[in-house]
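Okay, so we've got a single protein chain in two different forms coming up as structure tokens, structure 1 first and structure 2 after it.
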Structure 1
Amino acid sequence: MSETNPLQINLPRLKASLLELSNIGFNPNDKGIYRSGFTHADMEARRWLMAQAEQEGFFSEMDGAGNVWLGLGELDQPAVVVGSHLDSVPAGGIFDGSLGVMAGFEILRTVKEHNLELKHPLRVLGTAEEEGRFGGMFGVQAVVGGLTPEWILSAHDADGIYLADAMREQGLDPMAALDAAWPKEKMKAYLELHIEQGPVLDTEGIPLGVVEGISGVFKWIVHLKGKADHAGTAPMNMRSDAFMGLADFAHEIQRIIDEDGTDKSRITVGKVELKPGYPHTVPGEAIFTIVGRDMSEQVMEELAEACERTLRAIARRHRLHFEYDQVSWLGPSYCTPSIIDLMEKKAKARGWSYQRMPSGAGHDVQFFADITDAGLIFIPSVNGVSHAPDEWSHWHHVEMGANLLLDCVLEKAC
């Protein structure tokens, strides 16, 4: 195959398979997909995909963690793995996760129908419970050997259903998830295609994103405590208004990013509770979240330090008591530079524009970077929407993404 006339995936076939998959767990009332991890619909989708693959002569199996593996070629050499997740959030869309798995399946089909000779076997991975019913990233952590028995036994969903019980109900032995770990030396690369789930590519009119990594994230719960006064009798200058402290902080967020962050920094106040929360009462307490992100852990530390310094000053100014609880701190993870280079090279060879970018959301790929060469391709999400029934990506972008993935797979496998 020449660079000037590269192999192409079959878009009508990929589209038909994606749409067929989207019937599983579809709710006609809200048009959403309901395939949360280890629900009947989730398992039905996995069995459907395995049956499809077997029918077409591919290898297929489900590992102990519920991950689906499809394949072509013996594991006498390290495998090139293409994957993403098969589960969905409740009321999700048809592309999130499914796109990457079905693009992998389409690549298997393309390779097979062109009788390409492979130096390395191909494997397609549909991971289990990525979206978070039981905490998320379960299947991929099983593959990279990150699970513990304690983890498996303690995980439960928001309704109090234990992961172990949900797995048993689906005929799976929870402890068998520990056997799903893949020997590091048997993987040559992990490649993933996913929708961006953000507005950047769509807004800027760029069809492809080459992801540099998953930004690190910290979450704080902040408590500002002042004094709840009568909104009529307390003069403005005698108040200790906790909400005004919060508002002053929010006003400083852009300055904090300008001074201590990067263009990849994000600081978000997403949840606010005021007490007592009456229109005619000066808020005595404000409890709110801060979620900060960046691609550099040092920048994350500088942003956190700036948030704390700013809040301390604001608390003094408004006579508030300030405290915060750092609920979580996850450092950034990086895609493998050689894979990033490969993706850029292949996009250029096709003459397609692309953007190097961080991912602000977590993806299966982030766990593979520790054990193999790993990379992630984004295609645009219309209006940046995902995790909703109106999640959409244009089919010509699906085709471009799958073809770029194909080019990279062939480079690594042939």
Structure 2
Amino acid sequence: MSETNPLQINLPRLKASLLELSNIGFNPNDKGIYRSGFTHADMEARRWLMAQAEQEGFFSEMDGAGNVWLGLGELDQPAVVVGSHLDSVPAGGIFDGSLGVMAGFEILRTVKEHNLELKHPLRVLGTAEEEGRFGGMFGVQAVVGGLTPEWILSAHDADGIYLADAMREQGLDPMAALDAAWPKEKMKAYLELHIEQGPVLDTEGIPLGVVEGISGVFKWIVHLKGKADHAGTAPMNMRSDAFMGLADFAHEIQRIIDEDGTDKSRITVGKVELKPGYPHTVPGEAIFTIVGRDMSEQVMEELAEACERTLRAIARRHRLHFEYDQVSWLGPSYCTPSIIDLMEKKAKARGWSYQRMPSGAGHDVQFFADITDAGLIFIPSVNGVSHAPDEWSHWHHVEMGANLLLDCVLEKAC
């Protein structure tokens, strides 16, 4: 196909597949999708997809980590891999993850339908447990060789259910996940399509995002400790009010970003606990999280230092003791420049507008970028909503994103 008359995916077929998949794990009460990793609904979705692929004559298998692989062509050359995840958050939407997998499946159908000859085998991947029920991105970590026996056996969810037990309940051997790793030389590229899960593209009226990379992220748990006191008898100027320390810090966040961050910086206080937590008692302790993000690890370090300086000054002002634990620090991950250029080239060839942008959320692509050429396409999320039943993306944007993905796949595989 020429660039003036490019190949097209079949939108009605893709739409039907996405809607059929959305029935698995659907809760009619809140209209959300419930396919948390290694639940019965999650495994039903994986078996459904494999059956769909086999009915149409495609290669299909589940590896030891629960990842589903579909494909065309023998692995006698490095493979072009297209994918995303099949699991969901509780009460999730129909596009998050599923769009990328089903768009890949539609590309397989399109290639077969038009009898295209591929120089490189094409594989579609539905990763397992990307949403972090057990604290990681299990499926993709298995593929890139990032798992250890210790991690597999120690990982558990918020309810105390161990990953290994959840896998055994679904008939999977947890240690078999260690056999799911791909050698770097077996993979030519990894390409992913995903909804933005944020408001930028929708607000600015831009149909496509070409993702430059995944923001790094650090997480702290902060303790400000003062003195609980009677809310009626303790004068305002004699209190050691931990909440006032938290409130002062919240007002400083924008200043910290203005002075030490970039337009890609984010600082969020997402969870707060006040003790003793009684209406008539001055809070003696505030426990809260700080999550910081940026595309530069140096900027992340400067943001972290600024947060610490600010909190120490606030603690002195309010007669509080300040301490924090750094729970995690994950540096930024960058998509491959040649893949970014390819996505831009193909969008321009179709006459479509796009925006280069970072992703503040984690995606499978960030792990693949360590072992192969990797890139990520965004389409708009209506009102920026995701991880909720009212998550939605317009079908014409789905079609554009899938066609751009198709163009890039054909460039790499043909």
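C-alpha atoms forming the largest set that superposes within 1.5 Å between two forms make up the rigid core. Source: prediction; values computed, not measured. Quick note, the numbers are simply positions in structure 1, starting from 1.
Student: Given structures 1 and 2, which represents the form predicted together with a further copy of the same chain?
Tutor: Answer is structure 1, the other one does not fit.
Student: Spell out whether the Cα of residue 281 moves at least 2 Å between the two structures when the two forms are superposed on their rigid core.
Tutor: After core superposition, the displacement of the residue 281 C-alpha between the two structures reaches the 2 Å mark, so yes.
Student: Once the rigid core is matched, what's the CA displacement of residue 158 between the two structures in angstrom?
Tutor: With the cores aligned, its C-alpha sits 2.4 Å away.
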